[in-house]
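Given next, in C-alpha cells, is a single chain: the form predicted alone.
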C-alpha cells in the first residue's frame, strides 16, 4: 500500500514508518524536522519519500498531498499522527499553548484529512487518526489536550458515519508511550512528576504494530478503534 504519515520524524510516526516499510509498504513521510526525515530515508532506502510540512499550514498540506500522489501514484492510507501535548493547570496555562494544541491536534488533522480526502475516496482508502486515552477521559492539568483528543475521536466517528462504504476509519488511542512527547511540557514540576510515567510507558513500536494490524485487517472488516494501555495501568 501507499501510506502517508504525518509527524513521521520521531516517536510513533517514525516507528510506524519503519514497521510498515519493513512489511513491504511504500511510505511518504512528513514532518517539520526535515533533517530527521532525510536520515530515515537514507537508512531505509527504496519505497521512502519525504517532505517538510507544517500541518498547521493548509498550503503546506496541499503541497504535501500533491507530492505524495505524484511520488507514489496514490494515497491508500493516511495516518494523521502529528500532535502534541503541553500540560499545565488551567489557571496558569498560556493561551499560546492552548492554541498550539488546537492548531496541531485538531486543525492540522482537519487540514490533512481535507486535502487527502478526494484521493482516499477514489481508492476506497483508510484514514487512521492517532487519538489517546484522553479521547475518552479528562485529566487534571491537561484539559485542553483532552479536548483536542476528544475532537479527534469525534472527527473519526463523523467520517465513519458519512463514508461507510467508501473509507475505512480507525482511531488508535494509546496511553502513555515512552517517547519525547512529554518533553514539550514547560511546567518543571509537572515534567518532573510525569516524565517517569512516560518513561515506564509502552514502546512506540507497540503502537506502530497496532496501526499495522488495523491497516492489514481483511477488507471485509474494519477496526474502528484500538485502545492500548500500559499493563497494570488504568489509563
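Residue numbers count along the first chain shown, from 1. Keep in mind it's a predicted model, so treat the numbers as computed, not measured.
The same protein also exists as the form predicted together with a small molecule; that form is not shown, yet it is the one meant from here on.
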Of these, 54 to 62, 162 to 170, 186 to 194, 41 to 49, which stretch puts a heavy atom within 4.5 angstroms of the small molecule in the predicted complex?
54 to 62
At 4.5 angstroms, heavy atoms only, are 11, 32 and 82 all close to the small molecule in the predicted complex?
yes
Exactly one residue in 115, 144, 130, 120 has a non-hydrogen atom within 4.5 Å of the small molecule in the predicted complex; which is it?
130
Can any non-hydrogen atom of residue 177 be found within 4.5 angstroms of the small molecule in the predicted complex?
yes
Within a 4.5 Å heavy atom cut-off, is residue 101 in contact with the small molecule in the predicted complex?
no
